[in-house]
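One chain comes next, on its own, written out as structure tokens in the form predicted alone.
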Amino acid sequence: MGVLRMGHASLRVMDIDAAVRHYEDVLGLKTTMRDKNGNVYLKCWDEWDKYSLILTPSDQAGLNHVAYKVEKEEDLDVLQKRIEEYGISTEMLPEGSLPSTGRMLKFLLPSGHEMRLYATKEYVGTEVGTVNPDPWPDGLKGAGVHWLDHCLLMCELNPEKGINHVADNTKFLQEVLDFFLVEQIVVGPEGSVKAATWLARTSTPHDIAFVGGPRMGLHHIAFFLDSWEDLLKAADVMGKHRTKIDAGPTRHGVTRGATIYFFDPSGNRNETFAGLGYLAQPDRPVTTWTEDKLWSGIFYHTGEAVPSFTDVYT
């Protein structure tokens, strides 16, 4: 019962045509539909539901909502009750509120980010099918990312005012949605302040993460690749397309994943994340990074601060 994985992200973009070219040509997603409002829906080749990314025309970049898929339709009713009892208001959106998607449970995280849960989305299959499949399809564009892997949300953190939405979100996901804590960064006196957390529902190092900052927002959405070699190819593709790279290719200490951070044309940060890092399980000891090793946790090779990584987000 409960949350299976990340289902989709809905992003605001300021130039829809440029955004579609970026996600198709650089990352390798395919457009699966467009709606009458100008929204574009895309999926990765190794995903079986109809879309994992929604691009919405806007005059400002950022996140509309993040959605996670649950196992069964009745889970939505169980989770709605649990969320309401926790003190968070919810709204059950009817089937068809988003194309090809069943009813959705809509609510705000303590940080103010909109999250949705749903159980059904139109099945279209992967690009290689399920009978005698090839390891990858012909005609892949760009980096050829496998799937939308996770997101990282920026949360207001101001200990002097008693505000720590990293801790608030973490507590809510653990107590209500049954996520488990995988890694954390702690700062302040005796590590008393949770500055960042990584949580999972699957066996990957994280399905969602929270990092503290001066305001809420979207730090990045991440797409999975198999290996370091695939990551280097992705960097080459970004070079060919003059994509603005923020950091990488490099390795994280946190999650052990290999990474490149870069921006779509509207300034929404993307990540290509390679390798599974380790087997995440509910009984795995939580990995803690202390304030003096914070940047080694983020960029393991140099251990040095990259100011744009924490200062720039949508």
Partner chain sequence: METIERVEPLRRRALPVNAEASSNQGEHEVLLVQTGEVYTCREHETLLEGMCRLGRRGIPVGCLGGGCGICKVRVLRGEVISLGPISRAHVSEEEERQGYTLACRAAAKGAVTLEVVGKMQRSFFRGFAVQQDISRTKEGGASWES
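Just so we're clear, the structure is a prediction, and the values are computed from it rather than from any experiment. Numbering follows the first chain given and starts at 1.
Absent from the display: the form predicted together with the partner chain. The rest refers to it.
A.B. asks: Taking heavy atoms only, is residue 60 within 4.5 angstroms of the partner chain in the predicted bound form?
C.D. replies: Because a heavy atom of residue 60 falls inside 4.5 Å of the partner chain in the predicted bound form, the answer is yes.
A.B. asks: Can any non-hydrogen atom of residue 276 be found within 4.5 angstroms of the partner chain in the predicted bound form?
C.D. replies: Residue-level check for residue 276: no, no contact with the partner chain.
A.B. asks: Please determine whether residue 253 contacts the partner chain in the predicted bound form, using a 4.5 Å cut-off between heavy atoms.
C.D. replies: Looking in the predicted bound form, residue contacts with the partner chain do not include residue 253, since no heavy atom lies within 4.5 Å.
A.B. asks: Is there a heavy atom of residue 245 lying 4.5 Å or less from a heavy atom of the partner chain in the predicted bound form?
C.D. replies: Result yes; residue 245 sits at the interface with the partner chain in the predicted bound form.
A.B. asks: Given the stretches 135-143, 234-242, 75-83, 120-128, which is the single one in contact with the partner chain in the predicted bound form, using a heavy atom cutoff of 4.5 Å?
C.D. replies: It is the stretch 234-242.
A.B. asks: Within 4.5 Å of the partner chain in the predicted bound form, do 5, 204 and 286 each have at least one heavy atom?
C.D. replies: Negative, none of the three is within 4.5 Å.
A.B. asks: Select from 300-314 the residues with a non-hydrogen atom within 4.5 Å of the partner chain in the predicted bound form and write them out in sequence order.
C.D. replies: Counting only heavy atoms within 4.5 Å of the partner chain in the predicted bound form, the contacting residues of 300-314 are 304, 305, 306, 307, 311, 312, 313, 314.
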